[in-house]
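Just the one chain here, the form predicted on its own, laid out as structure tokens.
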Amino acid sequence: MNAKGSAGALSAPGILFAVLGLAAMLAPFMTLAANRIVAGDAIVAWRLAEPGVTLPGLLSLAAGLALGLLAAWPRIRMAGAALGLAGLFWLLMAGTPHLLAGAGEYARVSPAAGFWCLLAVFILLMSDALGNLAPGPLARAALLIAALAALTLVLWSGALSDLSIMQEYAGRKPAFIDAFVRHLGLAFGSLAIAGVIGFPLGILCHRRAQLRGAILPVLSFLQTIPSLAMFGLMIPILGWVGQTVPGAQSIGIAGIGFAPAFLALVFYSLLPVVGNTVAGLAAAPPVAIEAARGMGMTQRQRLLRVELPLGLPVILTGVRIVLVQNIGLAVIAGLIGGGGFGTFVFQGLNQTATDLILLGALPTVMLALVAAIAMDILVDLVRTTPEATA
């Protein structure tokens, strides 16, 4: 069902989300542990604090799921998702100090399965409502900025500072900032180098079919190598370079560290960049090419004024693929000393500290999600021809 349905119609996704949400409300919402390593005791949402404290949050969750059932009013469904998210954070903020009171100096409180499932349900509910509303790119950009501002405000206020993951952050703030910078350097730096190499190579492959037939299979083969294997292959190669090439180690080239991770990400980035550049340039309508040729444009002018502007949405789609892919793959760099958020993930695995794992995983997911949405907005802004409709 969609917004064009009758006023009393129910949304099929809304029904599914309501069922999943009600089931998640019965699951443990938070855990209370004696310290950061041991498993905690599961606590359901209505036992986090006194009924007068938890009731507003529980009512917000129930109201959000109920409003998500209304197929004819996507704005109401979106408001319901926002209400549900507010209820989730209310329960976190209200329940954490109550659970920690008298629990001991080293006690830790963490969100449990019920919280994460409800968070996913309300995010999916909001996405479904936005899909029905079909806002333009500028409206989506405003919504993204508003959501980031709200999240920043909640974190900056200190309302969640007693959560275990925030305590992990407080004890590692300088290391977290360094990991954040390293992660951005791996993801965006490898994309930049792949762009410098891949865009000209894609233009050449578009012009010369023989070159395209030789280059694209090689890049496709690189893409099939498992990520751990690719990172492993870089270690002996760059280790040899660092030992034999004068000055290589002084600029950071060695068998482990940032360099092998960065080079592996560049290799993974080349196929989407080159392939989408070729596809984008080939997508220019032959009529437009002939018209440009008839106007006396040179090959370079046709490329810059016709083929590239028309193919830019497809090219940027390739950039989006690379950026989201590299943000995720950069986590594995932590295994070979490359830094980034993967450092916390693998430290947490070694220490069986779930919240330390989340300290690396959650920012990675958030960064990838924001990058994907921002690139989708950019693609829509540069699109010069409407998408084909079914």
Partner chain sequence: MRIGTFLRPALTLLLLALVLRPVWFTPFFAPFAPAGGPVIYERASLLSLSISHLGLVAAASAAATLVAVTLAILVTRPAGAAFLPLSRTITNMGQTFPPVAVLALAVPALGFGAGPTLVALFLYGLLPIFENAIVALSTLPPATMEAARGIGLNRWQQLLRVELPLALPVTLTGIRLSVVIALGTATLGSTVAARTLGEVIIAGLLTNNTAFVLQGGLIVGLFAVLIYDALVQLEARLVRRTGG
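Quick caveat: nothing in here was measured; it's all calculated off a predicted structure. Numbering follows the first chain given and starts at 1.
Keep in mind the form predicted in complex with the partner chain is missing from the figure; the text below concerns it.
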item: 152, 127, 161, 243 - the one with a heavy atom within 4.5 Å of the partner chain in the model of the complex; value: 127
item: Residue (of 9, 369, 23, 381) lying close to the partner chain in the model of the complex, criterion heavy atoms within 4.5 Å; value: 369
item: Residue contact check: residue 212 to the partner chain in the model of the complex, 4.5 Å heavy atom; value: no
item: Residue contact check: residue 354 to the partner chain in the model of the complex, 4.5 Å heavy atom; value: yes
item: Residue 328: touches the partner chain in the model of the complex, heavy atom cutoff 4.5 angstroms; value: yes
item: Contact of residue 320 with the partner chain in the model of the complex (heavy atom, 4.5 Å); value: yes
item: In the model of the complex, segment of 82 to 90, 169 to 177, 118 to 126, 190 to 198 with a heavy atom within 4.5 Å of the partner chain; value: 118 to 126
item: Output flag, 228, 232 and 364 jointly within 4.5 Å of the partner chain in the model of the complex, heavy atom basis; value: yes
item: Partner contacts in the model of the complex for 314 to 336 (non-hydrogen atom within 4.5 angstroms of the partner chain); value: 320, 324, 328, 331, 332, 335, 336
